[in-house]
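What follows is a single chain, given as structure tokens, in the form predicted on its own.
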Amino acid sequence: MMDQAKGQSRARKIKARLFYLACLSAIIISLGALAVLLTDMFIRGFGSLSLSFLTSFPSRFPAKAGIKSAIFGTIWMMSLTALFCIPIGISTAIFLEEYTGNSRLAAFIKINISNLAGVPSIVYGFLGLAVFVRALSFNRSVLSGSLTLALLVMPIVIVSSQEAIRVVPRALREASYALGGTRWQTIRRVVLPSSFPGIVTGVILALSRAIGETAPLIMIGALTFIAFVPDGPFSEFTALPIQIFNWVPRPQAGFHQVAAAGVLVLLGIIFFMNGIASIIRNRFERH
């Protein structure tokens, strides 16, 4: 009997070791593939990175091509996307977690929001084309692109904010109520400060996804060649993913190099956003 138990224990240890090695191999392969891609982009694009590249408009000649209009279009689009999705997403998460309780309607809404987070981005592109571009006549503007991307990432903001609010200990809420705080005072002064690091992390991850999306912008008709900077929400625009998408299929090797440089700029913006999020999260965690 003891020999059988020892054999089962040894088999479990072997299975656990094999599972650990499989997970470790998957991580190494994934990181290795990512390192190869980043190295290839760096080798191809680093030579094209310059002040002239950042301050010039697109051109039919690779040596003169720049991403000024794409950078400003991306800044406009991401600013409006954050303006739309952050207040609505966080407010929805607060309402679902703090006011609706465990009702069936609340459970139904939460399940559907979670499902929306996994919908392919091209579907939101069709929705943006039908609603914002045609029905509301916003045309191919920065506003149409921003609203489309806001719909795309809002489920991510809501779900991540819900998780951050949910992990706040119930004892903190009860202590606030015991001291005479109202529900809104408890949310504003206890729940939100405690959950803010998690909310910021979710928001930055959502915006990092939005900044790299190409399919929805193609569907709403974002332009691929613009020699001007957007001057308002209703201006036509391009963005970094669209500009890179325009350069990649061209046969000239020079366009492949500037496309790689555009990828490096886009990665730099994403890393900068994540760095800001880390600083904010660490500061609030210490507080």
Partner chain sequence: MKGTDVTEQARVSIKNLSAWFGEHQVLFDINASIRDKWVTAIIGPSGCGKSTFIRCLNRMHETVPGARMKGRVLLDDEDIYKSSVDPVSIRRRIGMVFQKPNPFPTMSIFDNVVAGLRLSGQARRVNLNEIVERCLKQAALWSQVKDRLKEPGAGLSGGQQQRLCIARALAVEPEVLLMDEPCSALDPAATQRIEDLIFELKKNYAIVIVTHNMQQASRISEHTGFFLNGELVEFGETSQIFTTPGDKRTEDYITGRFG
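On a predicted model such as this, the values are computed, not experimentally measured, just so you know. Residue numbers count along the first chain shown, from 1.
The protein also exists as the form predicted in complex with its partner chain; that form is not presented, and the subsequent description refers to it.
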Proximity to its partner chain in the model of the complex, single hit among Leu172, Ile122, Val167, Ala107 (heavy atom within 4.5 Å): Leu172
Contacting member of Leu179, Ala135, Ile111, Leu83, with respect to its partner chain in the model of the complex [4.5 Å, heavy atom]: Leu179
Region of this chain that lies against its partner chain in the model of the complex, out of 92 to 100, 144 to 152, 113 to 121, 190 to 198 [heavy atom, 4.5 Å]: 190 to 198
Heavy atom of Ser79 within 4.5 Å of its partner chain in the model of the complex: no
